[in-house]
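Next comes just one chain, in structure tokens: the form predicted on its own.
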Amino acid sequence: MPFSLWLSLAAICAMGAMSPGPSLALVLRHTLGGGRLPGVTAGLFHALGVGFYALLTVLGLGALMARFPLLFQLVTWGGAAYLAWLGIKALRAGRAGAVQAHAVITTSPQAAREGVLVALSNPKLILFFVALLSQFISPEMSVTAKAIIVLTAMIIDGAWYVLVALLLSHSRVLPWLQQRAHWINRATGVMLIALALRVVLGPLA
């Protein structure tokens, strides 16, 4: 793969990782609820989910979705349902946090599980790989080039969310965020439910 093409790929992956959405909300929630380790764990396992989609993309995910649009619709609706469920959980956590500051505690296994599931159920991520990353794939591409694409998407995503978790868990930042955790949980819940409704009501812009 030419270096200039890889730079374009890396830039697109970075923009996709840094865009606000349920993935950022996930890392934020687990960092608030459990500290640095659950936040970093959520980021790393989210990257594994991204790597799985990147692997499917180099194996022909875009062509499969184009051939079976109903399959794509079912996947996006399933993802919307999971995001809505996470949003309801966050709203409930917000109400609990308003009464008891440390009522909602998250663990590393929970962060790992939700990190993978949010990546796999995020409709924006599915569209990203089908519409953008598939443009870098050609039938004659070598196995090495395909591996570079998968690793680039996975490493950039993981590095970004680990950095976010490290910054949020700083000794000066985390206590300030935890004091406002119930409001952050509520905002996160509203955002997740709104995205789920957006997916159900119409195509993503």
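This is a predicted model, so every value here is computed, not measured. In case it trips you up, residue 1 is the first one in the sequence shown, and so on.
A second form of this protein, the form predicted together with a small molecule, is not displayed here; the remarks below concern that form.
Look at 23 to 31, 37 to 45, 52 to 60, 142 to 150: in the predicted bound form, residues with non-hydrogen atoms within 4.5 angstroms of the small molecule sit in 23 to 31.
Remark: residue 189 does not count among the residues lining the small molecule in the predicted bound form, judged by a heavy atom distance of 4.5 Å or less. Contact check for residue 125: a non-hydrogen atom falls within 4.5 Å of the small molecule in the predicted bound form. At a distance threshold of 4.5 angstroms between non-hydrogen atoms, residue 17 is in contact with the small molecule in the predicted bound form. A residue is said to contact a partner when one of its heavy atoms sits within 4.5 Å of a partner heavy atom; residue 13 meets this definition for the small molecule in the predicted bound form.
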